[in-house]
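One chain follows as structure tokens, the form predicted alone.
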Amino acid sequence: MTLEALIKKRGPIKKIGVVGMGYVGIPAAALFAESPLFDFVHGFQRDSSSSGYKIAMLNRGESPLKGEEPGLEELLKKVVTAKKFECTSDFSKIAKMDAVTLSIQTPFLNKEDLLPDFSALKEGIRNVGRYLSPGMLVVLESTVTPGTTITLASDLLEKESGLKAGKDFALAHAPERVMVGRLLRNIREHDRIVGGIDDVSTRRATELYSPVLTVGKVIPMSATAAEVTKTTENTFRDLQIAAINELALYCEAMGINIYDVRSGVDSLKGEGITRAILWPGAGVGGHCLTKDTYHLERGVQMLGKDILDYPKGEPSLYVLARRINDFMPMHMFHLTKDALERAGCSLNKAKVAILGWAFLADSDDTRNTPSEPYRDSLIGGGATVTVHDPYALEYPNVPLLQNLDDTMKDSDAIVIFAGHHQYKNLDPDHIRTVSGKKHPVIIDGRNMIDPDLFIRHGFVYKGIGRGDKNMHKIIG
């Protein structure tokens, strides 16, 4: 029997399994469960010491994501109350599903050697494969190295199930395209890239995703093209950020304001003029931008190394961009050290308050936060460090405080690392009183404060790209 005949015999997709209850899996599961076209959704989560707590929370209709995520908790309560969603650690229930998606992180063990850590993804695929049945659809949503769906995923599923991809079950890659803080909106409104290993798989995956789209539409392509699309999206965004970050470093060196230059460049509009000029900052964090460049690089090494026509000996533009963005926390360290010296304080005797541990504004997402290498550099230089974040409540081996005054008390330097809205209206008089310093240092890594206001109040100010202010006269 052909795959198309098996799917026809199974009928429309009614029961869905979502493997991985994180920033992608939770909203996806809730939206599938909300659709009247689907009968039931199982969220599959390992009952581990680090993440097993999510199971009970989700089954109470509570979101484990603590940042501002509009509508998510209300939707979870709705689908749990309607008995259309349940989270479980019992992977054998996959056997009753018509379609299963996997949303599992894919970090890198070694970026220099282009070695991804697919251990969690492999475990998830094996769990699905053990309970795979004829006519089922399996979709990878995780961002992966191009070629992964048609090789690693297909091979593992076939080995565990004894079935054949494209003959006995459908297989596709449909990468997530979400940003923390707007998860539900992004899934509904963004176009969905759907790449099957064959036309039948693509059509079945389209059937799965179409009901949750409102503004967005499905864009079909091959599985490998879908993988390249996702890694390219994040690689290009990282490249754009690197471009403005390097320009910010240039502006600092030349004594000018990056934001004046940015406004000037952005002002040129017209037919045929497209310039996506972003904003500089203290560093790039998160699970995606920090590693997807390496997935793209690994993909071309695996699939096209002997075919690629590229200047011999020249480094990858994309990897160079990644390194520029990785450098920004160290630049923040340099700004901090220079500002402390201007204030008459050596780094090894300084107390530094970091404002913001999450990498994204108004979020609790601390994955690959640029605050961490910055903190490590401070501690390596002998400084005492406190960290404040209103959303992130815990992080391994890093005490996170929720009281801002306690964080800044007796600090020689206050350093803004995240764009949380709580940091937009900082009062220089209050900070100066809490710090107890005549000339406290303030370093702005996200353009959150008015430099002149703090300079007038006796602060030593430095900011990313603020070459016009970074060597200001100290007042008082």
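The first residue of the sequence shown is number 1, and the count goes up from there. The structure displayed is predicted, hence computed values, not measured ones.
Keep in mind that the form predicted in complex with a small molecule is not shown, yet the notes after this line are about it.
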| property | result |
| --- | --- |
| Location of the small molecule contact in the predicted complex, chosen stretch of 264 to 272, 170 to 178, 293 to 301, 221 to 229 [non-hydrogen atom, 4.5 Å] | 170 to 178 |
| Contact test in the predicted complex: Gly283 vs the small molecule, heavy atoms, 4.5 Å | yes |
| Ala339, heavy atom within 4.5 angstroms of the small molecule in the predicted complex | no |
| Distance check, Ile256 to the small molecule in the predicted complex, heavy atom within 4.5 Å | no |
| Contact of Arg446 with the small molecule in the predicted complex (heavy atom, 4.5 Å) | yes |
| One residue of Val352, Ile187, Val79, Ile241 in contact with the small molecule, assessed in the predicted complex (non-hydrogen atom, 4.5 angstroms) | Ile241 |
| In the predicted complex, the one of Tyr395, Tyr131, Phe108, Trp279 near the small molecule [non-hydrogen atom within 4.5 angstroms] | Trp279 |
